[in-house]
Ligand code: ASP
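There is one chain below, alone, in structure tokens, taken in the form predicted on its own.
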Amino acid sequence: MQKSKSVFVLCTGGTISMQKTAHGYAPASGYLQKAMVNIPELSNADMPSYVIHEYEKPIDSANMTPAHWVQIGKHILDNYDRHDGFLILHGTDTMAYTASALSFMLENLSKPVILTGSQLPLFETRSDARENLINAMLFASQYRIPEVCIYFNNKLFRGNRTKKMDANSFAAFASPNFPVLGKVATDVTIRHHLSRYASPDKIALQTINALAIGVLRIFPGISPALLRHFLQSPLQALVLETYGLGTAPEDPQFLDVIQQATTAGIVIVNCSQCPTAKVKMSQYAAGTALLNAGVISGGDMTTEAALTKLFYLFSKNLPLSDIKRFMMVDLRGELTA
């Protein structure tokens, strides 16, 4: 008889495990484990066995920090050899950040790590939590997809390609610049040719250090003084959200501030404000000016992926030249070459 697959379920908090209070939905410790026992589908023969660990103090994902990414990564590493896959239950607001961060931090991954959550708590009659939970559990155990993914509303996404696009619809997430890895309908469709290969090397966790890395969105009328203030020490790196294909104001003072920052060693990565876009700074003069000022291209990376990739590379204590080079190299499927 074939041994049942095993999944380690880590409940960090989020809407899926919240209960109603006088002040609105709020995280509730210990609730989810009791609720899962009462979901009959989880006891079906084709479902994996599972071990669930709930945080004693559940986290609203708005409060998620890089220190929490490290904590989640350590839970996966500590349980890696005992389970076939991993399911991370997480709030939707920052799920794309956590999925992106874990994709870099978990080096040599050979097992599926699936993040999911819900737009409505599990106890609500119309909740999407039940379906997300059941199918994410299956993806974590039955399919060989050795990467960090988000499962939501019948779709499996590469984690570091996702963005939360809708706060009201059950279709909360999208992958603007990369196809979905799988779909669930009457049949399950897996695009194995898009999935990454399992690493033959031993799993490792790169922890994330406390770093001064930020994001700034360009807008009409942004002043050089504001930019100069933002780029002051101790800032180490910046994701600059630009227009369209990577353009920004051609104001000489604005560009001079950028040039001074890059010369001083601040890594500035150009990512488009458009969800579906690939930065091509040389296509327009307003983009070439940034390139000449030392800004590097983020290609078609999401802001979430670019930000967490900077955290990852700086935490490896690499020379600045290597950090800049690796930011433009596809490491985990986050970037189209």
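Because the structure is a prediction, the values reported are computed rather than measured. Start at 1 with the first residue shown and count on from there.
Unshown form predicted in complex with the ligand; subsequent notes refer to it.
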**Item:** Among 274-282, 37-45, 56-64, 290-298, the region lying within 4.5 Å of the ligand in the predicted complex by heavy atom distance
**Value:** 56-64
**Asked** S141 near the ligand in the predicted complex, any heavy atom under 4.5 Å?
**Response** no
**4.5 Å heavy atom contact, C11 to the ligand in the predicted complex** = no
**Asked** Closest heavy atom of T98 to the ligand in the predicted complex, within 4.5 Å or not?
**Response** no
**Asked** Could you tell me if E131 has a non-hydrogen atom within 4.5 Å of the ligand in the predicted complex?
**Response** no
**Request:** Have a look at T242, S103, S118, T162 for me and say which one sits with a heavy atom within 4.5 Å of the ligand in the predicted complex.
**Result:** S118
**Message:** With the ligand taken in the predicted complex, which residues across 14-33 come within 4.5 angstroms through any non-hydrogen atom?
**Reply:** G14, T15, M18
